[in-house]
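Coming up is one lone chain in structure tokens, specifically the form predicted alone.
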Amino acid sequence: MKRSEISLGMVGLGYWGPNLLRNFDQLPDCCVRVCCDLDATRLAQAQQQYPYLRTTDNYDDLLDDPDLDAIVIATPAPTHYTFALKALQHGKHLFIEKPLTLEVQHAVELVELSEDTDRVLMVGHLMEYHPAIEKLKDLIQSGELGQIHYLYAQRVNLGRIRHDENAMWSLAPHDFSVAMYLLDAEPENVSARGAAYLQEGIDDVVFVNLQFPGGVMAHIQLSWLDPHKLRLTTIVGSEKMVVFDDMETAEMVKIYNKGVDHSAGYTSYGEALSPRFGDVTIPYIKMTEPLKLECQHFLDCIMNHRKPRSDGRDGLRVVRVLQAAQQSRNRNGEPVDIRM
């Protein structure tokens, strides 16, 4: 059944919550009615900016409100499971920021509950809604890049340093979800190494290697202790290569007509392989704020009874890889099998 307007409640107005609030508030299919946070200053700032909002420091006020169709959770990751479980138990559709949970079994429980109660469960894997990522997926699916050999991503900067999760749990959900979305596959195994330089027991830098079916590899560099701010994804195919630079505004995707050709009439095997250097193409990408697209997608899924692109099972896949990567890191980089 279609609804003309979705009524939302939000919990969490810290780092990312205000961005979600801004986007949901601007969408015509949505009415944000109430926000919840334990910080009175944050609540006062939200009410000053959005005078029609109700505010509360009691999450039960959202759960017990029969007029709320959905709840948006943007709280610290360790609280996700408890908040999400209560929301689904109270019959609310749910948008939850990444990662879905910190434990695979908790993620499984939330996915099964959302399916049993026919509630939309969507995880904030923002990059899956980025127009540039859509372009990369089109390039892969069209065959323009040829057979995909490997990809690698760099997500590094100086700060923002967290105290309740390490760099991998904070940053990697973006790149894990993107890699699985682009390759339309789950990794078979993962290995990870990390180091804690600023806070004992909390890694500031992590290097992760994923092995996908068919021999496709992915390498992901994650750090909040780096002189550069990089958001780069590179995909190497047998025909072409492509680079996505999320820090660029005009030329964020570049397609390189480069590769290695097999030549005929050679006298040795080495002579059969010759590098090919061609043009660099910069496709036009119509940009819309990815967060706006993500928020609209959540509303559309509720109104049209559809499964979100980044649904609960997508969130579960990412948590499964995160948990395996953490096990590998704790075992000094020993590969951990992910196959079910």
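The first residue of the sequence shown is number 1, and the count goes up from there. As the structure is a computational prediction, the values presented were derived from the model and not from experiment.
What comes next is about the form predicted together with a small molecule, which is not displayed.
Contact annotation: of the candidates E128, D203, E97, D175, the single residue with a non-hydrogen atom within 4.5 angstroms of the small molecule in the model of the complex is E97.
The partner is absent here; in the model of the complex, the one residue of C36, L299, V32, A70 having a heavy atom within 4.5 Å of the small molecule is C36. Remark: of stretches 79 to 87, 235 to 243, 189 to 197, 216 to 224, the one touching the small molecule in the model of the complex is 79 to 87 (heavy atom within 4.5 Å).
Heavy atoms of I133 never reach within 4.5 Å of the small molecule in the model of the complex, leaving it off the interface. Interface membership of G17, defined by any non-hydrogen atom within 4.5 Å of the small molecule in the model of the complex, is confirmed. Of the heavy atoms in E144, none are within 4.5 Å of the small molecule in the model of the complex. In the model of the complex, the small molecule sits within 4.5 Å of a heavy atom belonging to E165.
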